[in-house]
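Take a look at this single chain in structure tokens; it is the form predicted on its own.
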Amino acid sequence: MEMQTQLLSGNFELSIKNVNNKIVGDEAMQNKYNLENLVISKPEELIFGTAPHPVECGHGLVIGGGQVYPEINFTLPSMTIEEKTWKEVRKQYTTIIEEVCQRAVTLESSGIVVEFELLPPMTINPEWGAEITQILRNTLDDFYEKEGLRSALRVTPVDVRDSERPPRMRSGKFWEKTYQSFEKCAEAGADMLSIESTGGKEVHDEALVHGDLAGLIFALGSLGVRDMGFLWSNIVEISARHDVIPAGDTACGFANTAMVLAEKKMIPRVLAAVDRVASVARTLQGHLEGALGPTKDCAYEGPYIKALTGVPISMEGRTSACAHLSTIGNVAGACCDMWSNESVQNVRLLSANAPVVSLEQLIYDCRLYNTAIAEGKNYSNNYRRLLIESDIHRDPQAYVLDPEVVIKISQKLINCDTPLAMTFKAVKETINIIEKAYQDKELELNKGDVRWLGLLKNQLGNIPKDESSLLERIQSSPLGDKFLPQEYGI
């Protein structure tokens, strides 16, 4: 079985590999990116609701085809997941999906996307994740047939390979369980497959808390990219066999960890901003393997992926405050194609259960997006401008999501020959752009952030640019004990 290759721009192709002759990550790593042009080269064209390469899925939803759809994500209240509680787990998900769908019908939503993020026991026991997938699938189908509610189901197995340290990314029981989980969830009725993968996180976590830029670049641009190549070639293979959309990944475990630590004032915000853009090459690798979008909601690097590839993106911002706090609640929505709440526990609020409340907030936000789209370009552009301007001058993490900045940096990335070179370029350009914005009084920075900009610049100048020399440096440092080279094809 082989799906047709989709040409995006220049020599850059998104393809689903022949399942009998797949190309895995290490071979793909030897290829150049060959990005000759950005798919979206003008900032004003990086806008909500429209993507050059929309994705059709589920019950007739076209993501990126002219509307923004809500993506609701929910999880269990605090409880143990085991055999003796499994009946209650099933009941929880059954209740949530029925209540969510009913609220969508009541509010006359034009369509919804439901994301089911498996919890670790549901991936370690693949049949459990598949069982919940089937419950969600059946209810979405029922509401489509009886109420006309259009919907799509994204299923996201958790990356349990990170359960042991150093993690084994390509071998062992946790990799086998992850693979089986994708297989069974695809069989059970997923429309899209995603994951928040963690390859390189064991190095990234340690480097992040020490402000070690060499470690961050190595974790993202070498280990992370290698793992994405291996992992997504397998996800794409499974998707092709089951006629499912291989959607996308996220640097959540990397840059979102940095964002949360910055919010708690444990690391500088400029470091978190640099880390965000440094994650682009890593997430892009999934699309080079055949991921078609929409990207994961917690991939705040999504605007860069949209500019580089033209795939639709899901984003989260102010409506994800139920899951984490941030300073980028509005600008994150400036070019979204789906608008998400990140995740919310099924707990009772004054009005209703929390997933229902979250969905209502998402639907009203999407109504506003779609009304602006319907009113014409001037309205869309003005609304987009307000989303951007309300955030970008207060935090470097918001500033690097400004479409003007996204296009400016992405233009510098397209001619890079390797993922590692792209990661170095992303770091360099981000530091320079933040520094200039501060000097031009376009961006507020505290004294600590200003000092850290200088420290990051100095570090960058002393990091070896080729992978073998960088590997040698990392292996001779305390980070060398954190990962198993053979699990990354090294």
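Bear in mind the structure is a predicted one, so any value in this text is a computation, not a measurement. Numbering starts at 1 and follows the sequence shown.
The same protein also exists as the form predicted in complex with a further copy of the same chain; that form is not shown, yet it is the one meant from here on.
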Could you tell me which stretch in 364-372, 287-295, 411-419, 244-252 has residues with non-hydrogen atoms within 4.5 Å of a further copy of the same chain in the predicted complex?
364-372
Does N382 make contact with a further copy of the same chain in the predicted complex, using a 4.5 Å heavy atom cut-off?
yes
With heavy atoms only and a cut-off of 4.5 Å, decide whether S390 touches a further copy of the same chain in the predicted complex.
yes
Non-hydrogen atom contact E117 with a further copy of the same chain in the predicted complex at 4.5 angstroms
no
Please tell me whether any heavy atom belonging to T106 falls inside 4.5 Å of a heavy atom of a further copy of the same chain, as the geometry stands in the predicted complex.
yes
With a further copy of the same chain left out of view, choose which of L149, I407, I238, V356 has a non-hydrogen atom within 4.5 angstroms of it in the predicted complex.
V356
Please identify the residue among T94, S171, Q102, Q134 with any heavy atom within 4.5 Å of a further copy of the same chain in the predicted complex.
Q102
Thinking of L470, L484 and I490 as one candidate spot, does a further copy of the same chain come within 4.5 Å of a heavy atom in every one of them in the predicted complex?
no
Using a 4.5 Å cut-off on heavy atoms, what residues in 252-270 are near a further copy of the same chain in the predicted complex?
E263, K265, R269
